[in-house]
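Two forms of the same protein chain are encoded below as structure tokens; each is given separately, as structure 1 and structure 2.
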Structure 1
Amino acid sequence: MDFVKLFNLPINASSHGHEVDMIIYLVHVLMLVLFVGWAVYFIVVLVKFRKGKNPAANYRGVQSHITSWIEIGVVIVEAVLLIGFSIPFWAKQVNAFPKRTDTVEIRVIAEQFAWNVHYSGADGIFGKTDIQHVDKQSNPVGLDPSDANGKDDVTTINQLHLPVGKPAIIHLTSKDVIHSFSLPVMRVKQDVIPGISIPTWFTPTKTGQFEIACAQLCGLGHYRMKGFLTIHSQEEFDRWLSEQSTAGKGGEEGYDDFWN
């Protein structure tokens, strides 16, 4: 079923997104059944038992135990949604991280009001970072110039590029306040909390240009804390990455205001 159309969701471009959509769908079916059931009963009762129609009330009211059965039904459905779908889904997302060998692993460091993206470069090792080295344009993540591992690292501002079909692991931290890293089309949302690094992962299934949104109030610029997500084919991604490491850190004017 096309849940995206049904609920007017953002398109789904990740491998796990369909499961999220399906649980959204199932819960809404439960909600709808309960609501319609109640609503029909409600209208019937209000009409049937209005004073004009039923001048004397019945002291005893309903005698049957049908409501207990309805409640047991609700409990069972909720238990199925919980144990059958939501908990296993979470366990898979949180515990079963893909093996490091076939993934892209990057760091995203949030700040008021931008997303700094850090790639480890050809050696696959992130250079050391420290706030004392931070420069907003030329060294946004604070790479330590004396660390050899950092020499080939790539950093961008607001530009997140990933290859399609390969699991991406993103380590999230923040320089200042809490942000929330939201990729609506990937069904990914993870709070970004200063002082801790939280990993999240997903596998993009569609190439294209998408948006990164900040979903947690982070100050006056919260509404414009937008980033740009580009999903490439593997070859294009490799080309982009190598251009980045040779072309420098990409600090030109307007660089971070559109897909780049």
Structure 2
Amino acid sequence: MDFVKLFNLPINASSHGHEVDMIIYLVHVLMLVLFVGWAVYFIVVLVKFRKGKNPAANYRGVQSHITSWIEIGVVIVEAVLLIGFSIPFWAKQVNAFPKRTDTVEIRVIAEQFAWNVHYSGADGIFGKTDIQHVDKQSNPVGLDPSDANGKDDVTTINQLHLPVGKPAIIHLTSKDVIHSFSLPVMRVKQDVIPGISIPTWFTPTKTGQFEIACAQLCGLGHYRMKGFLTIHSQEEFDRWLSEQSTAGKGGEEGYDDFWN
């Protein structure tokens, strides 16, 4: 059975996505059982305790403890889902945080209502940033123009490019309010908090272009805070990054489409 189609989930394009999907399946099965169980119970109660069958009040009430055992069973199942699946998966993701030598690191700075993406360029070193250098159109991440490490850095708006098969560490922060960085096909969703840099990671397994969404209501323009994730082969990604650095585009890709 194809659970992705059954539950109408996005395609899974990350190495850890199947584990997230399994938890989703199990939670839905539990909710289905509870829904059907409570519906049947409601109908039985309506029929069994209707006025025509019980003209006089019964002050003894129901003596059976079946419902108590059912409640205990539900608690046990929920505990198994939490302790047996969710917590181990979370611990695995935390403990398996990849070594930075084997990854591609990107900074994503959220703002109302866009995703500013900062790449370190060919040297692999992020240039210094400072709020005094921030310009919404020409320098959205506040790159220090005097820092040599930032000369080959690349910035884009709403455009995140990554290579397939290589762990990606995304450092998330916000300029203004709380946002939520959501990549449904990667099974990634992380709140973005002003003043805090929060890392999240995943390994893409499929090439293509996918959607970046904001999953936290962040203002009147929340509906248009949409970006695009493009997964390349390693060769295509290296070529794209080299072209951006060589062309000295830093901050230009995607800006005309967004601000104009």
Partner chain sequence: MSNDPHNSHRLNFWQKYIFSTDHKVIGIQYGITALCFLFFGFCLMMLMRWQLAYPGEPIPFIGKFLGENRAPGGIMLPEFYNELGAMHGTIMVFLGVVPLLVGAFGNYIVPLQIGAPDMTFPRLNMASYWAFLAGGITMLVSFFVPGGAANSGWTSYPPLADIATTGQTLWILGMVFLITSSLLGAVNFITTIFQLRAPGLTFMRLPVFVWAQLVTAFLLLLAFPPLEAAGILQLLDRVAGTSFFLPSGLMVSGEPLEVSGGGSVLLWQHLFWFLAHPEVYVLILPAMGIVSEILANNIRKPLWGYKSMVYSVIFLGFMSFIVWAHHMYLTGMGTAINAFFQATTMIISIPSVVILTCLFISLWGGSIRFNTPMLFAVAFLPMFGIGGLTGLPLGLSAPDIHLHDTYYVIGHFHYVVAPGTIFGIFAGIYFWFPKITGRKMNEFLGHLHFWPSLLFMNCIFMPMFVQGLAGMSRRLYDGGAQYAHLQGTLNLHKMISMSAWGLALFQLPFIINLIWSMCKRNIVTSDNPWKSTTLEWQTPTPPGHGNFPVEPVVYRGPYEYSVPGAAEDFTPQNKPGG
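Values in this document were obtained by computation on a predicted structure and should not be read as measured data. Reference numbering: structure 1, starting with residue 1. Rigid core (definition): largest C-alpha set, two forms, superposition within 1.5 Å.
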item	value
Assignment: the form predicted alone	2
CA of Ile76, rigid core aligned, shift of 2 Å or more between structures 1 and 2	yes
Core-superposed C-alpha of Val45 shifting 2 Å or more between structures 1 and 2	yes
Core superposition between structures 1 and 2, C-alpha change of Leu220 at least 2 Å	no
Ser64: CA movement between structures 1 and 2 [superposed on rigid core, Å]	6.0
